[in-house]
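Here you get one chain, nothing else, as structure tokens; it is the form predicted alone.
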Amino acid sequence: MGSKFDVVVIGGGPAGYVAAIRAAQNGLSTACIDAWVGSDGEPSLGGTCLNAGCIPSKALLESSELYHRARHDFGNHGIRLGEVGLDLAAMQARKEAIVSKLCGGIQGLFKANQVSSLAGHGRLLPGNKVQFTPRAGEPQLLEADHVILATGSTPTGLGSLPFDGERVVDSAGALAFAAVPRRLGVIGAGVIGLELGSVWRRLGAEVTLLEAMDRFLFMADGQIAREAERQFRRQGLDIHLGAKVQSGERTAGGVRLRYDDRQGSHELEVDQVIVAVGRRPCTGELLDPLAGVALDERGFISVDDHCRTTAANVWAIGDVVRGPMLAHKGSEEGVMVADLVAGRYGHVNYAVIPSVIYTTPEIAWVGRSEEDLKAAGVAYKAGTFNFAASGRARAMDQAAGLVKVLADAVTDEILGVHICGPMAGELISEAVVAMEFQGTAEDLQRTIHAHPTLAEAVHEAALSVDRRAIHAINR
């Protein structure tokens, strides 16, 4: 291994490994340093997303949904299964196999693209030097023309209720339960809290979510959030809004939580608690004080619109910088920076980054919400279409939810699309493409959609913007 590279990337998650691959594709000698150790004790590329976040959670969401549907819904389809049993160990093993396969795939991509994979810790020193400390062995000094920082984020804990990996766990711990809790508390009803709460509710736990915000899913469009909340409550999720946890203590049988809401003070006894109150950037031991890289007031690495830091030829991408903590956002930043480093054009359209919550129903959105537009004084028009009127959704027995399209009242340009319903995470991509090309509601109206498909709901919502929906009453 040489000690001089065109590019050294610190962090092998969705931002870092993508940046490394694209840099190598651009003909640059590239090394990627990553410190993640998998459940088998061996180095594992992919960061939180592949190892303990996006991928394992989706595996359990899929398995738990199939289990739930086999118990409660298959009879409606004329499928008689008899007694349905749960083999949680097999479910967890399937999840681990998926994670292992995908993480190993990144190593294969590194080899194919001639990226030097370095397992250990990286620290930025002055003058674009990187101290690489391998898992075993002495520290080594690397030099690079460009350094890309992509160390990701870590769960935020509660001072009054520290993680113990058993009764009080973070998102990674919640993906590794060996048994279904009888009573499960979830602090935080955001993306992570809802997804993990849904998994264990489907598998039989009594799930209580304590959300400090007064409004459910405050970051989503209000109409979509209200519909989602209604569906989750129907599924048995016990959601408490404006519930601020004051303290927690371990008891002989579990954990006792104390929280306040508008009705007063309350106590909640649970067997285990998932703390899902947010994530913070990983910068500990990353930056030498003389490296010249500034942090903002929240601990994120300060960057410009193209992810340049305050140090020359040092870049930062992904969860460690401003913006939504989304794997695809970090990946696109990685591509942008690797292209800029190579002297090519690079750009990320931050206004058109989709968000998805992989519950049932799924929730997805891109662009601005109705509340955003009202606050900004933007004249807009809105159209909606309920999945209850979708033949495909009815055939799937998943007819809850709706699609909402927001367009500029004057230019007709699409300003936002919001979906609560089946396969929302896939459907939102149509809106992302349309908005990337500054498409209008009329563009969607005039685009032929196959029948019968879920995508027809997007088409009808676009028609509804101008009160021209065919399969709904226009109001």
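Source: prediction; values computed, not measured. We number the residues from 1 along the sequence you see.
Omitted from view is the form predicted together with ligand AMP, to which the following refers.
S.K.: Out of the stretches listed (103 to 111, 79 to 87, 203 to 211, 378 to 386), which one is close to ligand AMP in the predicted bound form, meaning heavy atoms within 4.5 Å?
M.R.: Selected range: 203 to 211.
S.K.: To verify the annotation, which of these, A276, I224, V273, V147, has a non-hydrogen atom within 4.5 Å of ligand AMP in the predicted bound form?
M.R.: Only one option qualifies, and that one is A276.
S.K.: Would you kindly say which of I187, A220, A291, V255 lies with a heavy atom within 4.5 Å of ligand AMP in the predicted bound form?
M.R.: Looking at the other structure, the residue within range turns out to be I187.
S.K.: Determine whether any heavy atom of L158 comes within 4.5 Å of a heavy atom of ligand AMP in the predicted bound form, and answer yes or no.
M.R.: Looking in the predicted bound form, residue contacts with ligand AMP include L158, since a heavy atom lies within 4.5 Å.
S.K.: Please tell me whether any heavy atom belonging to R262 falls inside 4.5 Å of a heavy atom of ligand AMP, as the geometry stands in the predicted bound form.
M.R.: Heavy-atom contact with ligand AMP at 4.5 Å: absent for R262.
S.K.: Does any heavy atom of V191 come within 4.5 Å of a heavy atom of ligand AMP in the predicted bound form?
M.R.: Although ligand AMP is absent here, V191 would touch it in the predicted bound form, with heavy atoms inside 4.5 Å.
S.K.: In the predicted bound form, does R344 come within 4.5 Å of ligand AMP, counting heavy atoms only?
M.R.: No - in the predicted bound form, heavy atoms of R344 and ligand AMP never come within 4.5 Å of each other.
S.K.: Using a 4.5 Å cut-off on any heavy atom, which residues of 230 to 252 would contact ligand AMP in the predicted bound form?
M.R.: A243, K244, V245, in sequence order.
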